[in-house]
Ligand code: THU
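Okay, so here's just one chain, in structure tokens, the form predicted alone.
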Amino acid sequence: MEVLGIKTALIGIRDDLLSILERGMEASGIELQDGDILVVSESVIATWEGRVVALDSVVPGEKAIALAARYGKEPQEMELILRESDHIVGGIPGVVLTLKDGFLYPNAGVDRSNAPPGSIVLLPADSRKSAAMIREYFASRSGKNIAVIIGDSRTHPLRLGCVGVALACDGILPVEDARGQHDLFGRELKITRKAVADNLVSAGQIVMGEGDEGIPAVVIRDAPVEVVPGGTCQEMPTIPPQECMYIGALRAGPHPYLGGHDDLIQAAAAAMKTAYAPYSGFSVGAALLAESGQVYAAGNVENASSGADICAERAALSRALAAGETGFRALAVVADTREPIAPCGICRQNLIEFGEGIEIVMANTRGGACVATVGELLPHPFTVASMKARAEDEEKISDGVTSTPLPGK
């Protein structure tokens, strides 16, 4: 199998991409043959479609501003991510994980790389249509039976580095069903499917690169893949999130604790020894890490009138608020329990007042620990945003404006 790079000049907005690729093939001495597979980078497709947005033209909304602060993004970029995605799954500083058209995308495919200064490139509006158009053009010009793939790059969970992924293809089946085949020992394959299009994009990425190589497309020759005569434009197959082994296993906390807050756990364990629990004898300690880096720790406080009890989590939060803190990163809670202890409902409601992304490290004195965000522990919370939404609805009604609410992102 050969991977032949097509080097071109810089491709601008609304440039004649087809002619540019054709000239690039001629300059590289490439003549299309039957069975060739043309892999084209999604970024040049998006640029060709005019999917380039100047950041200074974007006005971020309230939700974008809040999420930008949570995930370390520019508000204008976060606004574009919201517009482009179907659902925000979560994220880490610098990256937002989204669902779009049934696929997981970092930042909804919104990309600064290979974008003009001050601009961002969105994903192509219709990769299937572009794949079909490119295949039809080069098949008619060359008289050859070829296939086309629009390719991008992604990372795999817990793996460093990018691999190729196909957004659309025309002329080949994107996934080959290997069920019914046999392995080397004669066992029948029952679940195996080959991601043919993704694997071909990965092969092309080795030549195309991710930087300033100037190779927006490659021709893959003699691949062990059937090219379907006449072109076959296929939907890229997806599976529902609940059937994905990654999302299915990790879609809700608690998750295994993998480190990072050992000092906070120790501070909570020390605070547990200061708890005032003369009635139940059940001591709990909590330690709250503020955005300032300061840690506020406290034990639970019981009362003869049990309704006046104060949990360790709220006691630590009260200490922090009294010191003027309102931004928090993480809280550790520790007790002498069989399983790691979790905050009660009242504590979850108190904590979520200051952000759904606060990490809650739940531990016990036996070395067990797990972690979840407060948003995972209290899904669909009642917050100030709920009151604002109600106030906005009432204002619309008072103005005589009624509407059917659309599903939120």
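We call the rigid core the largest set of C-alpha positions that still match within 1.5 Å between the two forms. We number the residues from 1 along the sequence you see. These numbers were taken from a predicted model, which means no experiment stands behind them.
Although not depicted, the form predicted together with tetrahydrodeoxyuridine (THU) is the subject of the following passage.
With a 4.5 Å cutoff on heavy atoms, Cys169 does not count as touching tetrahydrodeoxyuridine (THU) in the predicted bound form; it lies far away.
Remark: Ser280 counts among the residues lining tetrahydrodeoxyuridine (THU) in the predicted bound form, judged by a heavy atom distance of 4.5 Å or less.
In the predicted bound form, Val40 stays away from tetrahydrodeoxyuridine (THU), with no heavy atom inside 4.5 Å. Using a 4.5 angstroms threshold between heavy atoms, Val52 stays clear of tetrahydrodeoxyuridine (THU) in the predicted bound form.
Residue-level contacts in the predicted bound form: of Ala342, Ala68, Ile30, Ile352, one residue has a heavy atom within 4.5 Å of tetrahydrodeoxyuridine (THU), and it is Ala342. Cys311 is the sole member of Cys311, Ala330, Ile215, Met236 with a non-hydrogen atom within 4.5 Å of tetrahydrodeoxyuridine (THU) in the predicted bound form.
Contact with tetrahydrodeoxyuridine (THU) in the predicted bound form, judged as any non-hydrogen atom within 4.5 angstroms, is confined among 379-387, 342-350, 364-372, 41-49 to 342-350. Counting a residue when any of its non-hydrogen atoms is within 4.5 Å of tetrahydrodeoxyuridine (THU) in the predicted bound form, the hits in 273-305 run Ser280, Phe282, Val284, Asn300, Glu302. Comparing the forms between this form and the one not shown on their rigid core, the Cα displacement of Arg314 reaches 2 Å or more.
Core-superposed comparison between this form and the one not shown: the Cα of Gly345 travels 2 Å or more. Relative to the superposed rigid core, the position of the CA of Glu302 differs between this form and the one not shown by 2 Å or more.
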